[in-house]
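Quick heads-up: it's one chain on its own, the form predicted alone, in C-alpha cells.
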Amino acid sequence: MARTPRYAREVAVVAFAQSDHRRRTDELSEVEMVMPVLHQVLARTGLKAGEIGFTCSGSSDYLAGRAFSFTMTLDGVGAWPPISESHVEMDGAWALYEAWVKIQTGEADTALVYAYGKSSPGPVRDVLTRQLDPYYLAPLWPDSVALAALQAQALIDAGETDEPALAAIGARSRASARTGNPHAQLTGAVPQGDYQVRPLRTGDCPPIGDGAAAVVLAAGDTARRLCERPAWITGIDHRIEAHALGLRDLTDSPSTRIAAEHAGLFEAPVDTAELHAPFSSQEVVLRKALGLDEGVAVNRSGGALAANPVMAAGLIRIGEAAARIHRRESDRAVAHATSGPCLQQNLVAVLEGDRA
C-alpha cells in the first residue's frame, strides 16, 4: 500500500540498538556504557562513523552532575576526523527530531542519534525536582512520584481507572518484557509492593537504572540500501503543556493529541504502540489521547515500567516500534516520548513499513 508523502524527504529508522538496562553500572563510565551500543547500531547498517552525515545526542547534565557532560561521550562516537554534531538536554527522542529536521533540510542523508542516562549515582527523584517551577513548586520538593500520584488520584476520582486496573498495567508490561525484551531491567512477576505515594505502589512506578540506546536515520534510497524494510517516519510532532500543574487537567493530554493529529496518526489504524508511560496511570492518559483501542498491542517491549533509563527511554520507544517494522511484526506503529512531570512535553512519531 502506498504511503502518502507528508514531508519533502522520506526518512526512516534503519537500525536500532540498546544496552542491557541495569540497576547500577558503577564499573562503567558513560563512554563505556555508550560505546558498545554505537558499535552495534553502526554494524547493523554496515556504515562507518565517517560515513554518518550528522550526529545528535540526548542526555542530562543534572544526572551526570557536571556541566557539558555530553562532550565526554564523543570519545565513544569518534570525533576525529571532525564530525557534524549536536546535543539536546532532553530525552533522545528530541535528538531524533533534530536529526530528522537536519535530513529534511538536505544537509545530511544519514544521522546517528544516541541517548544515555545513569540514574544510579544519585537520588533521581530529588534530581528531577530541578525541572519544576523555581518559585512555587521546586521549594516544596514534590518529586516525580508524588506528582504522578496526584495524576493517578485525579484519574481515580474521575472514574477512569482504579488501583487494580493500574496494577494490571504494570503486570502486563513486565510480562511482555519477559518474552519480548532481553534488555529489560524488570521482567515477569514483580510484587506490587507498598505505597510509594498513594495511590501508586512500587509496581506502578518505573525502575531506577542505567542504560543507553542509539538509532540510525537515513533518507530515501539510502535507507532502502541500508535496511531490508525501513521504518519510515511518516509523521512526527511534539508539543508542550503549561508549565504550572494547576493550569492543567491531569486526566488528559491535549499536547499528545495535537502532536498525534499533526503526525497523521488518526488517518489510518495502527497495530503497535510504544508509549513512554513511566507510571501505570500515565498509560491510561496516553491511550485516551491517542485513541488506542484494545486491538492495538501496547508496549510489547514492557515499556518504561520494565526499563526506564532517564533520557533514553523515549528514544527506545521509537527504536522498539521501528524494530518491529524491521522484523515484519508491524506495518504501522505509533511511538510516544515524554519529558517533564505528569506528561508535560510529548512527542509522537508514526512509523510505517513498505507493504508488498
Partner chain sequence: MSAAAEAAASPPGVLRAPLVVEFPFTRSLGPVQSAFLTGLRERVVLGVRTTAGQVMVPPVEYDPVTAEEIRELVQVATTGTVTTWAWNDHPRPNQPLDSPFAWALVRLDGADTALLHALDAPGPDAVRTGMRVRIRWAAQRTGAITDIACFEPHEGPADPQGAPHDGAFAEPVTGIVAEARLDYTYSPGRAQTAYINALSERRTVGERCPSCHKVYVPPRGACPTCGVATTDRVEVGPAGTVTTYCVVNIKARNLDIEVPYVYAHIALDGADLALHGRIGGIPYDQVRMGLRVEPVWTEGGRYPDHYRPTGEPDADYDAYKELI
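In this text, all values refer to a predicted model and were calculated from it rather than measured experimentally. Positions refer to the first chain, counted from 1.
Note that the form predicted together with its partner chain isn't included here; everything after this is about it.
Here the chain stands alone, but in the predicted bound form its contact with its partner chain, taken as any heavy atom within 4.5 Å, falls in 19-27 among 6-14, 344-352, 19-27, 329-337. The candidate site formed by Pro182, Ala213 and Pro309 is entirely out of contact with its partner chain in the predicted bound form, as no residue has a non-hydrogen atom within 4.5 angstroms of it.
Remark: Gly106 does not count among the residues lining its partner chain in the predicted bound form, judged by a heavy atom distance of 4.5 Å or less.
Although the partner is absent here, Pro230 sits far enough away that none of its heavy atoms falls within 4.5 Å of its partner chain in the predicted bound form. Using a 4.5 angstroms threshold between heavy atoms, Arg125 counts as touching its partner chain in the predicted bound form. For Gly291, no non-hydrogen atom is located within 4.5 Å of its partner chain in the predicted bound form, even though that partner is not displayed. Among the residues Glu98, Asp237, Asp143, Asp252, the one placing a heavy atom within 4.5 Å of its partner chain in the predicted bound form is Asp143.
The contact residue chosen from Leu226, Leu150, Val88, Val190 relative to its partner chain in the predicted bound form is Leu150, the criterion being a non-hydrogen atom within 4.5 angstroms. Contacts of stretch 58-73 with its partner chain in the predicted bound form, defined by any heavy atom lying within 4.5 Å, are made by Tyr62, Leu63, Ala64, Gly65, Arg66, Met72, listed in sequence order.
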